[in-house]
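Here's a solo chain for you in structure tokens, the form predicted on its own.
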Amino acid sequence: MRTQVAIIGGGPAGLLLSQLLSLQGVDCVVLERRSRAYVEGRIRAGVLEQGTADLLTQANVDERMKREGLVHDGFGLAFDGRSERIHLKKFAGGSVIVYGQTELTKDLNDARLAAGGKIIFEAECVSIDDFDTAAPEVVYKHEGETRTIQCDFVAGCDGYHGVARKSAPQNAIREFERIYPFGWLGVLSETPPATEEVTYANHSRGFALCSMRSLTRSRYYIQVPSDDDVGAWSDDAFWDELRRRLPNAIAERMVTGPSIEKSIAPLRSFVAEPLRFGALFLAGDAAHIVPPTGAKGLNLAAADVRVLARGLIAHYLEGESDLLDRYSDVCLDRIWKAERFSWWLTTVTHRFGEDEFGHRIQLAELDYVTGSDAGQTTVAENYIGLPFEGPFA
């Protein structure tokens, strides 16, 4: 098979890149090692920056998001028994949209397949060959047969554990990582949300988060040790612990019910540098991981795709290579700023051992940023997503 761009990974990043390229006549093929049902069933992020929402509009996959997504002009920070609001619209002139990654993935799959897009599910044993030449190839197995895709470029959108980053020469890549000593125990339930907007809570017992996927489906999290066992948590035990960590006014409004899904997610910060190796480009979780605290994972992936798509389109339609040449530097500038914000929000909302001095510093920091116009502006600008500049705006 011959194509212009081989995309490894059929999650939101790979599908969005495929959609943007195809709309401009750039031929591409998506390889995904899992089934469509598995990919669309994964429970993931649910907060979209305005820039991500705008990109989905450009990709013609925003109809359901605009109809069902929940626009939030602020978010809550609960601490010391009280709940304060960061005014996104007032201090940064923007909003975020609550719309589950699961739904976004379905929208992208529907759009690609309706347009005759080439998505190969259950592609196994993928390898990337000759990406340091003008004739890269992607080899994979499908339905028991070994097949080859000849292409001009390879986009590695296959996640942290994928083959793309592992294919990069070890002497040419640097990796930066921080592992946090806790995880998030998350519960999804068919219950109305306890808060109108996403609310982060700092408590002496540990972090908690009230979120939602719709007006009738809630997503809640509590901080637990990284080696905790999800099987040790009954629904009742989770709800009881969550209530303890929330201000009374929020806890009293909370409606409980059976969990639809329950899991523990570890927290880490990770960045690979650079993001280009000849004809191979890394995007999304293949290139970086952020703690979910700042709601940046999916949004950073979309930002990578935005830059990569514009570079590839300029290459094919205009014969210009400058945007592709700048891909790594442009993306890494945004990635490190998002890593910083995610790290900061994690450090001021989670407990790190029994350090009471540290906890007092957290409360003072939260009191400052919620009570200061300058503090709210800084937090709001980062939460809604930093602006793009120049040809990437």
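Predicted, not measured: the structure shown is a model, and the values here were computed from it. For every residue, the number given is its place in the sequence shown, counted from 1.
What follows is about the form predicted in complex with ligand APR, which we do not show.
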Of the candidate stretches 111 to 119, 309 to 317, 159 to 167, 234 to 242, the one with residues having heavy atoms within 4.5 Å of ligand APR in the model of the complex is 159 to 167
Might Leu366 be said to contact ligand APR in the model of the complex, defining contact as any heavy atom within 4.5 Å?
no
(request) Give a yes or no for Glu252: in the model of the complex, does one of its heavy atoms lie within 4.5 Å of a heavy atom belonging to ligand APR? (result) no
* Partner proximity in the model of the complex: Glu32 to ligand APR, non-hydrogen atom cutoff 4.5 Å -> yes
Q | Leu77: touches ligand APR in the model of the complex, heavy atom cutoff 4.5 angstroms | A | no
Practice task
For the three residues Arg44, Cys125 and Gly284, verify that every one has a non-hydrogen atom within 4.5 Å of ligand APR in the model of the complex; reply yes or no.
Solution key: yes
Heavy atom within 4.5 Å of ligand APR in the model of the complex, from candidates Gln101, Gln223, Thr195, Ser189, belongs to Gln101
In the model of the complex, the residue from Leu298, Leu246, Leu280, Ala92 with a non-hydrogen atom within 4.5 Å of ligand APR is Leu298
In sequence order, the residues of 1 to 26 that place a heavy atom within 4.5 Å of ligand APR in the model of the complex are Ile8, Gly9, Gly10, Gly11, Pro12, Ala13, Gly14
